[in-house]
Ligand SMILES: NC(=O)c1ccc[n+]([C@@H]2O[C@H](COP(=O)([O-])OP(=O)(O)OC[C@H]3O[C@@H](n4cnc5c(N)ncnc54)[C@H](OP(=O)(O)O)[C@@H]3O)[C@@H](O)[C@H]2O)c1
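There is one chain below, alone, in structure tokens, taken in the form predicted alone.
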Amino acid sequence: MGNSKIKDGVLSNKKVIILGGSSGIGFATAKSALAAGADVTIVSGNLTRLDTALAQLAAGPEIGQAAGPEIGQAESREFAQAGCRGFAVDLRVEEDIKRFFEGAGVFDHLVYTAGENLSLAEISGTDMEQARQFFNIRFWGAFAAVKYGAPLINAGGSINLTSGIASSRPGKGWSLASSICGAMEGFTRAMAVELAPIRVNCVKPGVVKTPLWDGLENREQLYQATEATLLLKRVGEAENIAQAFLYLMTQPFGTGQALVIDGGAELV
């Protein structure tokens, strides 16, 4: 999706916070939201990626520390163009997430796309402690972000989480990914009920070309095999998923839903 396809000003005067916004789907969503007129804050646990992402988003020089309180030991960044700022926050740590939102002020839309590189293994070879840790950023980080962010969301605002088609179409070795995606969809529905009238939805991507897959030795083979079976005959791009997040932020009447953007993977 090119930015030219985004309706000008659809998010004007709206504040969007994207946790996991320094790369992949989160970064693409930040670009889309900026192009739609939003004031965007991106959050990442990696300061190097954060600086790189902000430089690309702002396309201008750094102007110093961002306004607001220091986020623990993390550094903050702000750039001159388009109201773009960022914070380095360890999304594995509840207290760090809480501290970030204590300084965030009110806002309109929360997007959570954070996650470490995927790790696939059959259950017989799964390390249980590592498996538990796999939930920290992907699920518990999102849980804490909703806990501390929801009270700050303006009327008409939304929470937008990330699942994946592994919940309904898992492959061999996908036990953790499938479990986390299923948990996120259940959490989405529960929060839509509990936090109403805040709209709470999630995006359910298929295989998408992002750094999330960089740790897989057979990444290119996975892409090729996926392309051969998909109805649309191509693996998705981060911008395709960003368009889904933009839709969920701007539509006024859907909540508790998992929006599938997978190139037809669930049908084959």
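This one's a predicted model, so the numbers in the text were calculated from it and none came from an experiment. One-based numbering along the sequence shown.
A second form of this protein, the form predicted together with the named molecule, is not displayed here; the remarks below concern that form.
*Asks:* Which one, 188-196, 133-141, 99-107, 151-159, holds residues whose non-hydrogen atoms are within 4.5 Å of the named molecule in the model of the complex?
*Replies:* Of the options, only 133-141 has residues within 4.5 Å of the partner.
*Asks:* Spell out, yes or no, whether the shortest heavy atom distance between S44 and the named molecule in the model of the complex is within 4.5 Å.
*Replies:* Close contact exists here: in the model of the complex, S44 approaches the named molecule to within 4.5 Å, heavy atoms only.
*Asks:* Examine Q257 and determine whether its closest non-hydrogen atom to the named molecule in the model of the complex is within 4.5 angstroms.
*Replies:* No, Q257 sits far enough from the named molecule in the model of the complex that none of its heavy atoms falls within 4.5 Å.
*Asks:* Residue-level question: is L91 within 4.5 Å of the named molecule in the model of the complex, judged on heavy atoms?
*Replies:* Taking the distances in the model of the complex, the answer for L91 is yes, it comes within 4.5 Å of the named molecule.
*Asks:* In the model of the complex, is there a heavy atom of the named molecule that lies within 4.5 Å of any heavy atom of K31, even though the partner is absent here?
*Replies:* No - in the model of the complex, heavy atoms of K31 and the named molecule never come within 4.5 Å of each other.
*Asks:* So which residues in 18-41, when you check the named molecule in the model of the complex, have a heavy atom no farther than 4.5 Å from it?
*Replies:* Read in sequence order, the residues that approach the named molecule (within 4.5 Å, in the model of the complex) are G20, G21, S22, S23, G24, I25, G26.
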